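There is one chain below, alone, in structure tokens, taken in the form predicted alone.
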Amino acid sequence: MNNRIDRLVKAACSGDIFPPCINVEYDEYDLKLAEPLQIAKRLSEYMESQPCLFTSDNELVGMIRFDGSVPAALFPRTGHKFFKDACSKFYNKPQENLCTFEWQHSNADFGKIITAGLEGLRREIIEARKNFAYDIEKLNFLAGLEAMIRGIIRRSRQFAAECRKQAFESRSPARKNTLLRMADNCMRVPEHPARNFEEAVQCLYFCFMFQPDSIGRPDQYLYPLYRQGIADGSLTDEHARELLQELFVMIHAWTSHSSGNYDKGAESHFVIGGYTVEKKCAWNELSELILDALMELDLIRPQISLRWNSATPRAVLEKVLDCERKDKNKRIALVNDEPRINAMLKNGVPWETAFDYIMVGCNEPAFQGGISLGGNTTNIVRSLVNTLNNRRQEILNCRNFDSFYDIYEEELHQDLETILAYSNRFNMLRSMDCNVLTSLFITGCIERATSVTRGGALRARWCANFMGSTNLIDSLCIIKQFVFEEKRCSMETLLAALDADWQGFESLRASILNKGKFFGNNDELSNGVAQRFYTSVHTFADGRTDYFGHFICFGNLTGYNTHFARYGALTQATPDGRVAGSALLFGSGQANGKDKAGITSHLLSVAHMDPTGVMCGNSIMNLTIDENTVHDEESFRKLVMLVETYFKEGGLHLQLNHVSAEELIAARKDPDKYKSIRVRVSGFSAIFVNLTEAIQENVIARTVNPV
């Protein structure tokens, strides 16, 4: 990292580097315009009124924030008033102890903008008009998109003019030449296709403001221009690294210091590696350069995931894990192409779309130029609680676990039906907002002449997240083992213990915790129960779609919010030994030492738990390992082979913590002494002592086992 980048990093870490928002007074007559045209007109006026600020260390320009006076970028939902209203009623507020309104992530198709430019999008708009000649609403939306293009081009030319102005005033010949080159770049992109790597990164930097979420697969869409520049000598690795690092500094800085999420790492997430469309390993020289460039920066954003697949060389996996163990900012995770792409293909997604998936937010799958339509975090334990309470007489008459499970499955499917209904309701509320800015960069919105909020996206995924799936599986295991197979207690006794929150039944609870066959031990009983449960979920989901017609799948991450604790507080005692009101688990793993067979069995259980692929959504696997595992070279090599085996067996996701439970407990007692400890949580990283008590407890409870 050179001095220029070092200064940019220090500036971004010490305070906000984005220019402040300048208020704009809009013409009241705008309200008589069709909504898309009104939005585009006002956004254009807003952008034109903002200062074109950058420092003498910048080679890339375009920073801007939107103030919410007009619906703008989709990820922060600035100006989306109906979304705001829905949040006030449903966000972090469990409905029926089952569903909670959550955020959504999406990704602008940056690769398309780099290769086609806004002029390419304008041609698409002209073609789309032919399909909607008599539909005034569609035509108004397309007119709004075209007006938005004009506004964006004017903004880029403002920056070009400012670069030329500073070049004229500069006393440094080198800086003057740089500024003139920057001006030329701004006159070229994003209006026209990028001709070289620098123009491409400038285009990405400039357009990130219009959807400040994931940057997708930069090692793929930037690679042709990178390779061209290296081949003809117009680009060096050193300059490419600088440009990437300046981009990463801006992405880090987009989250304001005043934001409650500033210290979290999931505000932006992208991927490297994966497959090419020809089904070959996509890892290339730029993938490695991107990873190395990121590792040099002492920043917490963006986060990055390696997309592993059967074509990924072990050396690549080892390289990424080596970076992960050295990264104090905990920005690196790993995902497995094979189960996720296979699930997409099974659900009708063509290979040409599926191969190009990305990760956004807290390790949530999406597509380039697409949106994750989930935004519903759910309490899957409720289905079992309802079975035990509302179907009591029936389950007391059950003679075997199969008959009990049949009753449970009915309750499960009823809750899944309600979850889907709530998700559709939430998306109906979101659809009341018209988005013009981000829609321009989402595949399908031009073709359908429809806002991304209203189903315009062709590349969309629906997913609801289960809180407590491990609690549920463990509880079903205990019912099968203790009540029906080993007959350690009757159903009446177990129900009485749950009604009493284990008071007076302490010996039964102790027996369950000590003798129970819990998920994560790769034994026949717990593996079978897990697979049966996820097969039941798949039976419900198979062939169904959401409100917009997209196939449905499920996951188990909680994001920034402690939904697992909120639901747990409303949920009675459960057969796995959990007491009433205590937090549920999230993610695919186990906790509190219940995976007694060790880390290998734990990972194999997770790898085999879902034979259907229905959990190919926002699923995470958090694994805490002994610190010595990553510091000792022999143990580290074993870890690499273990992760490779886990993925070959079907594991979907993995992120690591390698800090001792003792150190985390000490950090809770003396936070000031341990302010530098960062941990992976639910697809994101954060400073441990800044996390809520519920999340801290969850991190500590995760299994700590040597490899």
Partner chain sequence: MNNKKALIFDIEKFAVHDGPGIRTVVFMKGCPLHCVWCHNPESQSFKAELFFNRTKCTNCGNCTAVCPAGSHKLFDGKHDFNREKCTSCGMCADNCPAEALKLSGVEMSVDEVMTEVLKDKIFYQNSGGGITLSGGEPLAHFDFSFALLTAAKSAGLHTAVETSGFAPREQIQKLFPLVDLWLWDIKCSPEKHKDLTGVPFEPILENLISVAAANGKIILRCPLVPGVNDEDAHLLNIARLANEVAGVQEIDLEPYHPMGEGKSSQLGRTESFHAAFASANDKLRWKNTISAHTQTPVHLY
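Because the structure is a prediction, the values reported are computed rather than measured. Positions refer to the first chain, counted from 1.
One more form of this protein, predicted in complex with the partner chain, exists but is not displayed; see below.
- Contact check for K81, C87 and N424: none of the three has a heavy atom within 4.5 Å of the partner chain in the model of the complex.
- By the criterion of a heavy atom within 4.5 Å, N196 is excluded from the residues contacting the partner chain in the model of the complex.
- The partner chain is not shown here, but in the model of the complex it comes within 4.5 Å of a heavy atom of K515.
- Under a 4.5 angstroms non-hydrogen atom cutoff, the partner chain in the model of the complex lacks E35 among its neighbouring residues.
- The partner chain in the model of the complex is not approached by Y46, whose heavy atoms all lie more than 4.5 angstroms from it.
- The stretch that touches the partner chain in the model of the complex, counting heavy atoms within 4.5 Å, is 644-652, out of 46-54, 59-67, 644-652, 666-674.
- Among the residues S601, N386, N329, N561, the one placing a heavy atom within 4.5 Å of the partner chain in the model of the complex is S601.
- Residue-level contacts in the model of the complex: of D406, D523, E285, D322, one residue has a heavy atom within 4.5 Å of the partner chain, and it is D523.
- Residues E506, S507, A510, S511, N514, K515 are the ones in 490-517 with at least one heavy atom within 4.5 Å of the partner chain in the model of the complex, listed in sequence order.
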